[in-house]
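Below are two forms of the same protein chain, given as structure tokens: structure 1, then structure 2.
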Structure 1
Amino acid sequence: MFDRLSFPQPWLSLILFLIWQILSDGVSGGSVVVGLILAWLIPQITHGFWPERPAFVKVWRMPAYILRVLKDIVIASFSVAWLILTPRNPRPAFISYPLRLDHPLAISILASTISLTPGTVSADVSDDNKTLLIHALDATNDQEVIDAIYNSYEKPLMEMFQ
């Protein structure tokens, strides 16, 4: 009986409940009941689509990672703007990045982080999840880009997920 009342994705349930309360134009008894039903029902229906949850060993490192990404986004924005405004020609390149991460969620976070940073885009992940194809707007050396991504993003993700 209680197994059916479980929340397979508790954070998703909480977010759904809070969003419902915001969208329902005020908190009332009815909106709380409907919000709780939706917060329970939607994760139950979509449970089969979610990958297995990764084991976050060092969750406390996530805020530092987010701050690092935000800082890099600001710096890269100025770099891309400078590249566009100056007469220097960019050196675009596709780079095959060797992945050390193995969990699909961690790889998705890395690919999203790379795409969020101006000047780089994650183009594809190999079928075996061992290589990430990245397009860099201005890359003088493939190894420099690989080392920068590893040290800035993949290494901290490996510490968080493994």
Structure 2
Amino acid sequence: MFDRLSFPQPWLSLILFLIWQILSDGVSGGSVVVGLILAWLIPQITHGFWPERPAFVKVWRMPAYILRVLKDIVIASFSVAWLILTPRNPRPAFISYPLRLDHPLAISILASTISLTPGTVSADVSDDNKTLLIHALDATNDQEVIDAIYNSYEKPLMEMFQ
């Protein structure tokens, strides 16, 4: 278990270290020491749980993606709020979205993004990971939704996970 003095998942270790500094309410000598210990120890315990290493080739694209998603989330909320508050009934639809991504984590991130953004919820991933079932709250045109998702999210993700 603790067979080596290494960081099997350096990214994870880094994130954990940073989170520890956040949790400890500021950087201090103590928090650095404990943070280092945890950044080493926790991945030692958990690395077995990551059978397929995520291939973050272009991690630097991640912050931009996240910011974009956050922005969309806020917008999404307004549009959903509008739908909820207006008396007319929305026109919901189930849409099958053809996936181009094949990495499970990437699919998962995409599905999450879809759920968090305007009017769509990822309802299911097909058994062969090729299709995503999306429930749209108010869809007039399926293809529009598919195109929007592809352009806004799947393409950036594909760039990241190559």
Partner chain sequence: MSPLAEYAISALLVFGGAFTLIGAIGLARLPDFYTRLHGPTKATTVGVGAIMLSSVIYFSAIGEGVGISEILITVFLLMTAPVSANMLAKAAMHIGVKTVEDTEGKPWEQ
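All residue numbers here refer to structure 1's sequence, counted from 1. Rigid core: the largest C-alpha set superposing within 1.5 Å between the two forms. Just so it is clear, the structure is predicted and the values come from calculations on it, not from any experiment.
The form predicted on its own appears here as structure 1. Here residue 32 counts as shifted, since its C-alpha moves by at least 2 Å between the two structures after the core is aligned. In the core-superposed comparison between the two structures, residue 12 has its Cα shifted by at least 2 Å. When two forms of a protein are overlaid on their rigid core, residues whose CA moves 2 Å or more are considered shifted, and residue 71 is not one of them between the two structures.
The Cα position of residue 87 changes by 3.2 Å between the two structures once both are aligned on the rigid core.
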